[in-house]
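Only one chain is given next, in structure tokens, and it is the form predicted alone.
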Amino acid sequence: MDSAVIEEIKGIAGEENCTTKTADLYVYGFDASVHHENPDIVVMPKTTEQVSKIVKVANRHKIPILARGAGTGLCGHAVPLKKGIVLDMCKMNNIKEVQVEDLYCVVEPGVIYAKLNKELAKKNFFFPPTPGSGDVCTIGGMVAVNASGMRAIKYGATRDYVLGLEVVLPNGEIMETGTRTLKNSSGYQLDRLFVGSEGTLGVITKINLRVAPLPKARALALVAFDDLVKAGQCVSNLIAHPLIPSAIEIIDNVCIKAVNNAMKVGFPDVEAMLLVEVDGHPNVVEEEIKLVSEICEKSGAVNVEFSTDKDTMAKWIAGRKAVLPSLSRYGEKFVSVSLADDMAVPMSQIPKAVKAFQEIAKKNNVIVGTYGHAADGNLHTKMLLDPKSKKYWENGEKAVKGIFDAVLELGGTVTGEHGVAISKAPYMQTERSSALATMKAIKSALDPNNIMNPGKMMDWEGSIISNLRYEVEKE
């Protein structure tokens, strides 16, 4: 990037809010995915006006620009593929308004999910989507990928809570969409277009969010199975009863062993387990958790244990959240990588899906751990491989294609909550083949110079095993 442009950007944001140091650029080249690329400059804006001015500079000089939250994305969203400018939005972190009497709040994109809910809890309200990275991820990042989590079956995803947005468009203009009202039929619902756009259409600088009352009680059941397919079938049986728990998490034996080894949680050493949560009025919770136990036992569970103790439930949930990092301690040479990690299928297809994943892993000589938000059909697979081995990566990519082919055949989608970016781009392109031209037309209309997070999603080309953060040995 031209030094004069860098100085112009420093003049807008302040030199103390910009960095071109080699070490800083290297760090900002990562997110939580397997990919990496250094930017040319990192800028930490504090106001919408600063963002607008920086975007105008980028657009004038046709410099790639990428908005970043906490960098917890698993698909390469915050990796600056074409270098350019990374906007670290974490200094725009004010909770600007909380109006529980009107069921909304207004926040800046750098607000941490857990911090927002801590404030809302003072008034007995919460923002329900429950991402696994909730202690560190930002609301702006959640909006950009339409994040959700374990409670989506009952409470929905981020998109269901976005009432309106303030967005800096690729030409630097500031646009407001939506309202502060719960109902809105005023023109195109542009806020819904930007939710899940992964930074390819503009920079989100303010968010109006709907909030919900905190449930008065919760209960959690830990259900053990001697067969992964039985656990998957149990999920369908619970939903079909009908019963809508606030969460159902599925964890296979690979994940159980990894968590027990790393966290000493004491999960039962079985082929699979479910964590089933119900919430609401205490009387309803008591009735529903007993019903959960009955359905699970009829579905072939070898053991059912449930609790309303906050410490016990917190321990079990912490074990579930620790699956991803724990898997990297499963074997001495292996690391856990996010490739085919976030598919969703109709709940009734979960048994077929988990069986297919096991067969595909065996066929391609890779280890796959399966877990996820089974209540809404959103499964996660983490692949364990030697990151230095070219052969492992090749086998892994073959397994990824097999897994996503199976998912689409079952009527599913390649991503339920993590988004597309790089890691899922070829498979999303297959899934959305009839819509790609329309998506590209929207991108081109709003961003004719293609400066906003370029090269991702529908514009990705080639293998996903590229721009790797690992040094792969030549074989």
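Note that the structure is a prediction, hence the values are computed from the model and not measured. The numbering used is simple: start at 1 and walk along the sequence shown.
If you look for the form predicted in complex with a further copy of the same chain, you will not find it shown, but the lines that follow are about it.
> So which of 88, 376, 341, 108 gets a non-hydrogen atom within 4.5 Å of a further copy of the same chain in the predicted complex?
For this set of options, the contacting one is 376.
> Taking 4.5 Å between heavy atoms as the contact cutoff, choose which of 169, 262, 98, 367 touches a further copy of the same chain in the predicted complex.
Flagged contact: 169.
> Residue 12: heavy atom within 4.5 Å of a further copy of the same chain in the predicted complex?
Heavy-atom contact with a further copy of the same chain at 4.5 Å: absent for residue 12.
> Tell me, yes or no, whether residue 346 is in contact with a further copy of the same chain in the predicted complex, where a contact means a heavy atom of each within 4.5 Å.
Residue-level check for residue 346: yes, a contact with a further copy of the same chain.
> Within a 4.5 Å heavy atom cut-off, is residue 431 in contact with a further copy of the same chain in the predicted complex?
Yes - in the predicted complex, heavy atoms of residue 431 and a further copy of the same chain come within 4.5 Å of each other.
> Considering non-hydrogen atoms and a 4.5 Å limit, does a further copy of the same chain approach residue 442 in the predicted complex?
Yes.
> Which of these stretches, 40-48, 59-67, 432-440, 24-32, has heavy atoms within 4.5 Å of a further copy of the same chain in the predicted complex?
Heavy atoms within 4.5 Å of a further copy of the same chain in the predicted complex occur in 432-440.
> What residues, if any, in 242-268 have a non-hydrogen atom within 4.5 angstroms of a further copy of the same chain in the predicted complex?
242, 244 sit within 4.5 Å of the partner.
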